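Only one chain is included here, represented as structure tokens and corresponding to the form predicted on its own.
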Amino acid sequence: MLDARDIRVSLAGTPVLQGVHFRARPGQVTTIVGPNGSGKTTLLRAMTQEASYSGEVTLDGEDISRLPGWQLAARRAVLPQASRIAFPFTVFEIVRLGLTASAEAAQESRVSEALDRVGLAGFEGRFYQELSGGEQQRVQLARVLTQVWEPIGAEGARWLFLDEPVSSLDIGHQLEVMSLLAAYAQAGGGVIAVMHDLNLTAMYADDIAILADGRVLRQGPPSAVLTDSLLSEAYGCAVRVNAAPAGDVPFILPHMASIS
């Protein structure tokens, strides 16, 4: 289990997280939602030690600040919101970085397996900079998958920390990626994802934390968090759950959590 307690972060003297409590369990997809500037990415960065914080983050009861980097790399992989590559690396070289960080000795064929999982079979020789934004995002997901390929290892459950993993993807690839993450959790791994799409969150999340103004308003199952009153409070606008807009305004929602 991952447990974050009383997490406080200030940037340039301004409080961003104010005593946040958050937990996630292996075997579940746990999402973090909320408006822009609510602290979602900052919370993820604190839990992956990319941002300085006060409080405590434990993984299976161990304070992560006391774990060496190589142990953390064996137990969790991190997908940032954006990845900038300055040099002309091939897709194979990018994904292989995850294989290099993995705790397991694995054949380089895993690179191709990972690319196949994210729908990019045969892209190994392409240059990363030549890909579309959505393709680059899936290449980075393949990279983190190679790092924690098996959801459960000798050290216990492994974790994926993902910041907006489907932000650049079309609806079909969104479903494909979210199904992949759900399968990883169902196999015993842990998935923590910052999300903006509340419909996808409702479809795939087992547990949701909703943030506003640097605080967790509530954490729990979708039925307890995705309510009219709580969403309206968090986003500062009137929100209705399960209600189509009035008039002839199109209302587009994938009702089946599957891909053909």
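Model, not experiment: these values are computed from the prediction. Residue positions are given as counts along the sequence shown, with the first one as 1.
The discussion below concerns the form predicted in complex with a small molecule, not included here.
Remark: Pro222 does not count among the residues lining the small molecule in the model of the complex, judged by a heavy atom distance of 4.5 Å or less. At a distance threshold of 4.5 angstroms between non-hydrogen atoms, Gln28 is out of contact with the small molecule in the model of the complex. Put simply, Val16 is close to the small molecule in the model of the complex: some heavy atom of it is within 4.5 Å. Put simply, Ala12 is close to the small molecule in the model of the complex: some heavy atom of it is within 4.5 Å. Comparing 33-41, 51-59, 231-239, 201-209 against the small molecule in the model of the complex, the single stretch with non-hydrogen atoms within 4.5 angstroms of it is 33-41.
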